[in-house]
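Presented as structure tokens, the chain that follows is alone, the form predicted alone.
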């Protein structure tokens, strides 16, 4: 049987931090074989869908790019085709190898929890398994432990307490396309994020079962994805031990009550609420306790910020010292009113949105119709937990013939607000400026 590629032929891409340094070769992902085991029935169906999707993409890649519906994001080179990858509704495609798919922003107004088939996708390595034999799959816990473990999915579900946490997963480069001056890397709009209910096992319960040595310092996580090009470093991320053993950190097997989608990390992914998604390792199969700080590429070189209180520098300024990216910043968005849109004057308009932070929880959201000169309090909706999107809404009556600059400003429970001016760093991280939506009343 001939190999087919899962991805449309829209060019090659390297890592987010070093796109010019690591260029991935084209790779054909293999179709699945027929399996008899009942546990593999779902995998066979999924793999078949991957293969079918691949078969439809291989030859007509250029036609796919030309004929797909398009979305124009409001920055340079912001045109994106909308394509339905396996298990996904049509999402905005930024790159295909590795897959980077963005959630169209209007979907955040439809549900406080992002549907699995609409959840954004971001992989760093293009060699993603197209099939996983769940009879042989194991999660290993090793390194500086007294009793190394090798657990299958059934054991994780049977032998450990199952917990659920509602949490936002947000790419470190979310909103990078709005940076001015422009920075290299994936030019995301605001849709490289999603909110879900994650179900699985506490990481600290797994580490306790394995038994930690006294010299444990960090915990490193690896998944089944692999590099294609020689010299491309395997994608592995590490957390300090004190962060890894927080009760909210979960090895998740389910998302919004269903098994993880393939492109979102099936069968297991690490969930680190409050932290940027670079630590949320997908297809997780290896956990290693280290007795020293991790010095491999993805910790020592990539995903780093200026070691400055604002994590920013002036464009062109040299970074003297850097630190790994960590927890998210407070953000809010208007979700039901589009920029440059028109509304009916003289009619009350309900403006809705979402807010979130790194886990302190949202205390209040302020709303302005005049670009921040005057503010009023918005009403907060249901609290789904400190790591979740928090809905909010407010009402005002626009006057016919007037133009408005709508803004929302979130403040978390320790008094940390969004920024009024956008910080800049050469990697395009941590954007949390107050955003503006322009509307005109007819």
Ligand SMILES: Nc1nc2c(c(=O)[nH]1)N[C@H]1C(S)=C(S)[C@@H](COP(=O)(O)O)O[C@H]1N2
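Remember, it's a predicted structure, so these values are computed and weren't measured experimentally. Residue numbers count along the first chain shown, from 1.
There is another form of this protein, the form predicted together with this ligand, and it is not shown here; the text below is about that form.
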With a 4.5 Å heavy atom cut-off, would you call residue 253 a contact of this ligand in the model of the complex?
-> no
Should residue 264 be counted as a contact of this ligand in the model of the complex, where contact means heavy atoms within 4.5 Å?
-> yes
Would you check, heavy atoms only and a 4.5 Å threshold, whether residue 178 touches this ligand in the model of the complex?
-> no
Distance check, residue 328 to this ligand in the model of the complex, heavy atom within 4.5 Å | no
For the chain shown here without its partner, which stretch in 120 to 128, 363 to 371, 89 to 97, 138 to 146 has non-hydrogen atoms within 4.5 angstroms of this ligand in the model of the complex?
-> 120 to 128
Which one of 239, 203, 169, 287 is close to this ligand in the model of the complex, taking close to mean a heavy atom within 4.5 Å?
-> 169
The unique member of 109, 225, 294, 243 whose heavy atoms fall within 4.5 Å of this ligand in the model of the complex | 225
Any residue of 296 to 331 with a heavy atom within 4.5 Å of this ligand in the model of the complex counts; write them all down in order.
-> 303
